[in-house]
Structure formats: C-alpha cells, structure tokens
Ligand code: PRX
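Single chain ahead, by itself, as structure tokens, in the form predicted alone.
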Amino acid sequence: MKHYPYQIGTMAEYQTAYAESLNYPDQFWSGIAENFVWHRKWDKVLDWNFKEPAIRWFEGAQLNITENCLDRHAATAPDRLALVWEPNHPQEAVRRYTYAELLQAVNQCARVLLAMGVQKGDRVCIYMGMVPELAIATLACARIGAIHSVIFGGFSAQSIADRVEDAQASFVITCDRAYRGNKSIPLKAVVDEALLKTESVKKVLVYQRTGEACAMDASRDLWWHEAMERVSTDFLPATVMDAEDMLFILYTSGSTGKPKGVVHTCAGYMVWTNYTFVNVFQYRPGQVHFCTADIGWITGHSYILYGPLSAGATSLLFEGIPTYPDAGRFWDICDKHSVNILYTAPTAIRSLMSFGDGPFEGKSLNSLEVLGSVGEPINEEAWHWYQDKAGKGTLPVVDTWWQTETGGILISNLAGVTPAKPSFATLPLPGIEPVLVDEQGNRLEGPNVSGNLCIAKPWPGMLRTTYGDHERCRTNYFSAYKDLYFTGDGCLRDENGFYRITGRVDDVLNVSGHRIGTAEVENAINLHHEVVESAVVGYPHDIKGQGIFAYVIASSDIKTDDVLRQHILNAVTKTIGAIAKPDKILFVKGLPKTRSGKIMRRILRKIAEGEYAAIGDTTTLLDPAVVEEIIQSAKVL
C-alpha cells in the first residue's frame, strides 16, 4: 500500500487517498488513527453491516476525547490559545483561554459534575447561551464519560421536556439568561417550566450570565460560580472510554412528530471531525478558526469544539448575531481577532447581502484565508457575493455538505486543493462512497444524473443509533434502499463527477440550515382548539433558503383570520420554538387528499411555490375541486 499524508496537499494526493480509503479502508483508517492518543489500540478497525444496522470502528480501543482535545496540546503548547470568546455586546470584554487554562477549567467543571452525582453514562442536558461555559460544560461531560445532549437555546420548554424525557437525563446545565442581539432570553425560567413536565432531573447547574433575578430551587439548583469555588483545581485524570462508548446525543427533526436522538460515539467521531477539519479547511498550526454556528447544533459540536480543538487550533466562539449592533459585526470580528478561516451559513450570507457594501467600509479582512459554507445548499449568487466581498475575489470557498447523522463533512472541495464549483459541494472526502438511486433503488451510473443520495459504506463519524430506539434508526436511514445509508437528500452529479445537493426529498424542511420536521409543526398547529387539520410544506425563501407554508382548516368560518394566525404562531413558538414559526398561513376549507386519505403534498408544494400550472394530474384526488379553491385563496394571500 502506498503512503499518503494526513493532510492532503494536491489533487493527486486526494485521488490517491480517496482510492486507498475505499480499496483498503482498514489500513487507511488505521494509519489516520495513529495521529491520536490512545490508552489501548484497536483490535479491529471496522466491523459493520447496514441491515441491523451495526457499525463499530476501532473496536477494542480505549481513549478519552478530551485528552486529544486538551491534554496533549496543554503538554506541548500550553500557552497557545484554544478558545477566544467574542461577547454579544462588542463593548464587553473578550475572554481567552489557552490550552492549559481550558484544561484546568474543564477539570474543575468535571469535579463539579462529579460532586453533583454525575457518573459515567449519565445523560446531561445542556441549555445555555454561547458562552465559554457551554464549551467547558460539554467537554467536562466528555472528561468523565457522561453523555452530553446540548439543546439549542431557542427551543421551547416543551421541546426541552421532550428531549430530557427521551434521554432520561438526570442533570441539566443552564444559564440565568442569555444575550442574543438586543434580546435577553430567560433560559432558566424555560428550564423550570420544562422540568414541571418531567421527573428524571435531580440537579440543575446554573451559570450566572446576566445577573438578573431568576428562581432557584434550593433542593435542586446550584449556582455555577459557587460550585466551582468549592472544588479542587487539581488535575483530574480523564475517564477511560471504550471506542464505541456514547459521547453525545443530539436531537434532530425527522419525518414524524417526535425528535430523534442521534447517537455519536467516542473514537470514530473524534477521528472523523479532526480529519475533515484539517483537510477541508487546510488548517495550519496557529490559524484562528471562526465557526459562526451555535454549539446547540452539530456544526458547533464538530467545528467549534471537537474538530478544531483536537487539531490544536484556536477556535472562536461568538455569542451574538451577524447583524448586531450592525451588519458589519462578522467583519469586525474577523479583523479584531485576525480570523483565518470563516465558516458560516448561506442564510447569514444572504441576509448580509441585503445590506450592500456599507458594512465592509473600514474593514481590511486581510487575515482571511479560507471561507466556508454550511447548513444548506448555497445558491450561486450568494457563493459569488461571499467570495467577492469577504474573499476579495480570490479566497477559496468550501461548500460543505453533511448532516447531524454524519458527524462531520462528507462532500466538499478542499480549500485551494481540489476544484470548486459554485453551488456544488463537488467531491466526496476519503472514505465516502456516494451513490445516486432512483425511487426503486436502482443505481444511477455515470455523469449528468439526478437521484436520491445514499452512501454505500460506513465512515468513522456516522451515527450508531437513535437513542433508546434502534429500530427508528434502521427505518429512517437503512430501510429505504438495501445496503445503503439514505441521506434524505436529492442530488445531481455533473459531467465532472461533482455533486450538487438539491434539497430534502422527505417530509423535513431545511430552514436557515435547521432541520424541522413537517409533522412537528403540524402537531403544534393542531393543538389549537379551532384547528381541525393542517399540512405544512416548504417553499423557496430569499433569506432562509426554505420557508414554512402552513395550510390550515379551521373549525368554523373565522371572521378574524389575523387573530387565529397569531394564536397559531404563538402555539408553534411555545411547543417547538420561534425557529419553527410558519412564514405563511393559508386558511382553507379542505386539503388535496387521495381516496385513501393521504395528503398530496406535491400539490401543496407547487401552490406554495406559485407554480399553479405545474400541479399535474389531480384525478386521483377524492375531491379535485379543492385544489382550485386553494389556488384562488393562495393568489390573494
């Protein structure tokens, strides 16, 4: 077998690494894994089948991911910056942690968790703003072998309760409140409301971010700062974990109303996030990496925490939003912290486009070397604007495609190494074998074909199960097409073999890079006593990529549509969170259904898109006349 470098530097090296990763996966990944610290090496690199599914990487190996993210760098470069925190309010002080300081903070927090009674295997839900303590708490869980489940700070009390209940979490970590733009969000109050609906939580650790008053239950709640003062600052040896022990659960929307807990394990996830970070962004020691995501999403897990820190990078956390206090905030941050790699979402890019060139005035952006896009397909106009304005027309833009379930990037150009093509994710990373299939599962070979995107072989970072319900994992990802992982996305392969993601093909929406199940939104709408039935579809949105269009049948002739519309928006916000609010609500008298009662969402999507002439055959509907009624109502919405 030929030798290959850990970091791919040329197109020829990519082609060699890619071929060897598919032809000799055991040797390839064994070589890659030698770059990490292990307590015990593996007996077997890979054991798998997609039928059950059962995927095991580096079986027999023992490690702790935090030793690879913290200890080894604290030993060799203790004064190197690990985390830089940019607060929501630009006048507030920046906080910086070297690798030595971050290791100490994580050890101290881990001791707090142990004092609270947290043990290896316990589930800890974390619901915080984007403060350094969120990163510290997450890593502290990993340090002692507790399974973290981070919940995005925009979710509602009901959403938190659902996740706590599903994970049977015994502990919660939160903040008094969180800053986000010009808002102060009452996180602790939301947690208190959530915990009225579930009984598994024993203790709540509360970080004091704003200092505003919040209720504290003396029998359950502890202040972070007081708990940290009570424990030793001495070094805490990391708990030794097996390769396939759970690292975290992250809940994501599916095509049913119940969020599913995607499970990632220690060794494979560590290897994959590191390898993809180093190669996609072409990371070099000393670079500052600014991923603008929230740690509550998989992007934050993989490319704020585990990927950059395991590579010894300086990772920048941002508490705020790109338009506060003005639309130049990202560019201010890039100059202020000499950011080298900027990784953000197409939604943010499209939003900033609307502000024109003004926000760039007085900004040098000379430190930037690589730009990245994540969360949803980026349209060509936004791609060019991003490169022209942030990259001065010359910097490489990596258009990364991946999912919560994949753990890290699967398809992307490698910055400045492999070719880029606007709106195309381009080529798969080593270890990834994309397959396009038609609805019947027939493989579509050659160039210039479109189909459903599947992956033919396992990669180290892929999900292992859905927490507490392995059958759901099998049904969702491995049952549609034999011996293939089904991504749920449509895809096009061009004449060069480049891949372009064309969007979801199941009942899941991608709104501002956040996956939201149509069934979840429908369930929330249907809770209103005046709603008989609803159907939710996605439609093209200039900023968000996809907007949410809700068709609602009310129980009677509503004379005040606006009042009911507001009630529905409130209900969705309360049940899921503001990110799931419909952009448009159309009240209708009926929905297009087949004689078996199935809603024809294809028709509703075409109406939402304004493509009334492209609706197609309606003769199979129980009542074809309902379509024309909906079209007339939609035209005046």
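Remember, it's a predicted structure, so these values are computed and weren't measured experimentally. So that there is no doubt, residue numbering starts at 1 and follows the sequence shown.
We do not show the form predicted together with the ligand, though everything after this point is about it.
Screening 295 to 303, 197 to 205, 127 to 135, 277 to 285 for residues having heavy atoms within 4.5 Å of the ligand in the predicted complex returns a single hit, 295 to 303. At a distance threshold of 4.5 angstroms between non-hydrogen atoms, Trp402 is in contact with the ligand in the predicted complex.
For Ser534, no non-hydrogen atom is located within 4.5 Å of the ligand in the predicted complex, even though that partner is not displayed. Although the partner is absent here, Asn510 sits close enough that one of its heavy atoms falls within 4.5 Å of the ligand in the predicted complex. Put simply, Gly375 is close to the ligand in the predicted complex: some heavy atom of it is within 4.5 Å. Only one of Arg493, Arg177, Arg515, His73 comes within 4.5 Å of the ligand in the predicted complex through a heavy atom, and that residue is Arg515.
Proximity to the ligand in the predicted complex, taken as a non-hydrogen atom within 4.5 angstroms, holds for one residue of Arg464, Arg504, Arg123, Arg329, which is Arg504.
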